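Shown below, as structure tokens, is a lone chain in the form predicted on its own; questions about how it binds or moves come after it.
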């Protein structure tokens, strides 16, 4: 896995090892939402180990593809893909975005049309992670009856381009093209239901993203606190300079509060058995924006060393953290969802505001 960043290759053995260890089945062992707490722990540990790209790839397999398979696999082929994904024998990913349809999934151009006894899938997906390593791609497409989701094995996928992303270089994000026959048994979600299914899966992906960001910040803050104790300037450790230690204390407190917020949210959802999409969107965007700020400040507290790639890993961390604000939905999309969940109280308003 250490070579994933430099090689720009997603290590499929990571999925295999976690599946073999039983972590995927433990994550989805029971209930509609499985064990959400385990999802958060797995993601945090990847962030804490500075394996951002690998962690996101595992998260996309486990928290985006697997719930779709778990919820909608009805045919023998789909159930086989689900079992292989749970055991780590298959790497799976979801392909939704296109050149002219990023956040607006209702406007996708990839088309699934009837041709004889089977279907034909044609189109190109723009940002697919880990597209270059996937054994099966779950593709969002349109039909005359509405959006659908289909399963496409590796042999039905053409890698148009391996994208040179700013960060998460071990994620192996690709542009993929499809022009392949799709049998009935490979239709995972029937036409008209796909956008609802994708929306449900995105909930888990967003929670996982927030947890991974927090794990990465825990690492950054620990390294930075140690640096302030060990690095000397003007004859004393940096920690003795009040402006620096108070600055770091502020970052630590805000990150700790965010972590407790994520854990409390997951605990509440688990106890209730209901996950609130609007709240999850607010959690994800809040953590992603905080992570970008905290990571940048930690790098700043290292001075010039924080800017030099062969002296610290902060440049990689800063690149990786940035994906949190676009992956799984941009800040703007998250705030729109959060806004839909805002509570109102007319009776309270009338008591407090004089007309």
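Positions refer to the first chain, counted from 1. All values derive from a computational prediction rather than experimental measurement.
The same protein has a further form, the form predicted together with a small molecule, not shown here; the description that follows concerns it.
Against the small molecule in the predicted bound form, the set 47, 210 and 255 makes no contact: no member has a heavy atom within 4.5 Å.
Taking 77, 127, 269, 239 one by one, only a single residue has any non-hydrogen atom within 4.5 Å of the small molecule in the predicted bound form, and it is 127. This chain is drawn without the small molecule; in the predicted bound form, the residue among 265, 200, 165, 180 with a heavy atom within 4.5 Å of it is 165.
Remark: residue 188 does not count among the residues lining the small molecule in the predicted bound form, judged by a heavy atom distance of 4.5 Å or less. Contact annotation: residue 144 falls outside 4.5 Å of the small molecule in the predicted bound form, judged by heavy atom distances. Taking the partner from the other structure, the small molecule in the predicted bound form has no heavy atom within 4.5 Å of any heavy atom of residue 23. Within 4.5 Å of any heavy atom of the small molecule in the predicted bound form lies no heavy atom of residue 345. With the small molecule omitted here, the record of contacts in the predicted bound form names 325-333 of 23-31, 291-299, 306-314, 325-333, defined by a heavy atom within 4.5 Å.
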